[in-house]
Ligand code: NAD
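Form predicted alone, single chain, as structure tokens, below.
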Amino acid sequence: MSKRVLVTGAGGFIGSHLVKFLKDGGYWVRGVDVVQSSFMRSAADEFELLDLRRWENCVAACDGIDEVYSLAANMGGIGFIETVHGEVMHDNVLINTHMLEAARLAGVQRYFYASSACIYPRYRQETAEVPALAEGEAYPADPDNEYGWEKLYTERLCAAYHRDYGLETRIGRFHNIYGPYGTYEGGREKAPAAMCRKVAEAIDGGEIEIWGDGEQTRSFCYIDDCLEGVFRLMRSDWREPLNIGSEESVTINELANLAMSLGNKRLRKNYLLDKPQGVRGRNSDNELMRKVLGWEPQVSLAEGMGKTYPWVASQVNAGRVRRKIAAEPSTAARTATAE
């Protein structure tokens, strides 16, 4: 019989992709979230709408499950996590502490936790030319926001559950995962999707907003590489945190230029220096990933954005059509006016 796996956060961007990935691999999948994906029809064998901040829902979610992929979180892009603090820490600590205990009591065999590069200390990320961040550089701890502190706490909780109870935990530190079918508007979107949306919305010869001076650096990992990394880590014997990200560092200006080239538009950049910008530079060191998994991400930023931009642009264009239709008077109204 195939393993019975649980994906929490299955209505989100990474979670919905992961459900399909596992189903394609022959697993029986239960998906759980407070919402279903707006863009991807769930491929799960079961999909339950459950609020995992509540203990009894975590118990129900883990019932009869062999492995858990724990992705559920209250999170978003830099504009969200730099302005929403108490809610993020409250919700995510409840979700993760309840889920680990429910998994232990249910006899779950393996438990993957989706951590974040936000756990890395601010003092290591103060310049745009930042050295790539290796897993052992998380301490002395000084995450750049409360979201990072909550993630670091749960990493330690996973390690404690292995030491105390023997639960096989795996921890992946995600570095800016992006791709089609993700949030691209509304305030929770991340930089690649936001940049694609801004370019798609702009008129050729117009302008787009850039948060900061555009010289801050990041690396971005395409969704297919993220899924492969998660799966390989889950199947490995490695219990320590492991980066899941790309080593291809770019400035936000370069990301904007790439999106403009994909949209075939020439646009001016309007720099907003008072907007949230996060750390000055961040990149993933994948030396340990190559050693542990015998693998590293394969999709370049140009290739990944080449798949992401057309999807975001199609959503922007579809939204324009819907708004135009909504703004037009109905046939009946036009007839009545004419009469």
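Numbering starts at 1 and follows the sequence shown. Quick caveat: nothing in here was measured; it's all calculated off a predicted structure.
Keep in mind that the form predicted together with the ligand is missing from the display, and what follows is about it.
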property	result
Listed residue (Ile95, Val230, Leu133, Met195) with a non-hydrogen atom within 4.5 angstroms of the ligand in the predicted complex	Ile95
Partner-contacting position among Ile78, Cys158, Leu71, Ala259 - heavy atom within 4.5 Å of the ligand in the predicted complex	Leu71
Proximity of Gln125 to the ligand in the predicted complex, heavy atoms at 4.5 Å	no
Non-hydrogen atom contact Asn176 with the ligand in the predicted complex at 4.5 angstroms	yes
Contact flag, Leu52 vs the ligand in the predicted complex, heavy atom cut 4.5 Å	yes
Residue contact check: Val35 to the ligand in the predicted complex, 4.5 Å heavy atom	yes
Candidate stretches 163-171, 108-116, 201-209, 251-259, one within 4.5 Å of the ligand in the predicted complex by heavy atom	108-116
Residues from 136-155 in contact with the ligand (non-hydrogen atom within 4.5 Å) in the predicted complex	Tyr147, Lys151
